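A single chain comes next, written as structure tokens; it is the form predicted alone.
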């Protein structure tokens, strides 16, 4: 990001930010005016809130889960007391790790996974172990095999979390197949022999589909409400500047998470919560998400076509995902081409004027070694013309590196 800021001519396919022009000024402006037009409501919004979050907003959020699932209003009413508003989903994820993990504990993660999540695991002194994915997301057979191995090694009691990004995952753009979602919950329960193994569902990109209906959430399969932690954010679907997310927690986690959150901030920004409750209630949020999905669908289509044009014929071992939502494309290059910061491709890309995130950061350390022949690309920030040019520059860098290897 620093390189991109210092060199405005560089096309950044690296930073997973949202499109600047998509930010909902036209939605927020009237909502703020309405909120402040009533002096009583305005002052309430400008006062401290509660640690768990605004009651009206939390009820609205649970109602949105019911609407998304196409189920009758009130079905999830018991989830409202277990719903906590957080400063983005990143805060919730950090709090979950702080509450659950001790040094030496184990978190099972997709391979590759969201590399920022690996930070809190490391901070707690815990271990992240990779579970392979395929076109349907997390491979449940490999998950079971890993749990069986850990059990045989006497380490099952150290497994605390299974982490998944079920929709349009960062970094791959791949979604967890519908038929794997319920069984994932059952696997977590099956292996919770002496303690509860929880599933952390990081649904940051839900609703950013390019047209295909998204399957019911993993959380919706947890009918007992004791296995899945649902983490959601409005940073990708509405505004990162509001910095709001929420979680629906198993009951046993509510008090520990609130105790920790109280030590952090006494509660997320109350004004922002009141604002979000309004845009959810008047339908403007849903209309914005529909426009946003259309924008990213067009940008993704443009980017994939540009990759086909500029890179498609370079080498049969180069391939990339074709996401049906979200912001990311995952590219794989021949094994001999190191895509890391110290490898030939990254330095060549900087000279060509294009940036990417080296894929090695998205792999947990176990089992070693971490693969070094992948790239994470994003089409969120650049314009369509910049995406075409970025693909051309990336193709030129790849071509030069492949020629030198040959």
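Numbering follows the first chain given and starts at 1. Just so it is clear, the structure is predicted and the values come from calculations on it, not from any experiment.
The discussion below concerns the form predicted together with a small molecule, not included here.
S.K.: Even though the partner isn't displayed, in the model of the complex is residue 90 close enough to the small molecule, meaning a heavy atom within 4.5 Å?
M.R.: Within the cut-off, so yes.
S.K.: Does any part of residue 236 reach within 4.5 Å of the small molecule in the model of the complex? Heavy atoms only, please.
M.R.: The answer is yes: residue 236 has a heavy atom within 4.5 Å of the small molecule.
S.K.: Given that the small molecule is not shown alongside this chain, does residue 205 nevertheless sit within 4.5 Å of it in the model of the complex, heavy atom to heavy atom?
M.R.: Residue 205: yes, in contact with the small molecule in the model of the complex.
S.K.: Please determine whether residue 307 contacts the small molecule in the model of the complex, using a 4.5 Å cut-off between heavy atoms.
M.R.: No - in the model of the complex, heavy atoms of residue 307 and the small molecule never come within 4.5 Å of each other.
S.K.: Tell me the stretch among 147-155, 297-305, 163-171, 313-321 that has any heavy atom within 4.5 angstroms of the small molecule in the model of the complex.
M.R.: Looking at the other structure, the answer is 163-171.
S.K.: Could you check which residue among 285, 76, 114, 94 gets a heavy atom within 4.5 Å of the small molecule in the model of the complex?
M.R.: Only one listed residue qualifies here, and that residue is 114.
S.K.: Only one of 189, 264, 243, 139 comes within 4.5 Å of the small molecule in the model of the complex by heavy atoms, so just point that one out.
M.R.: Spelling it out, the residue with a heavy atom inside the cut-off is 243.
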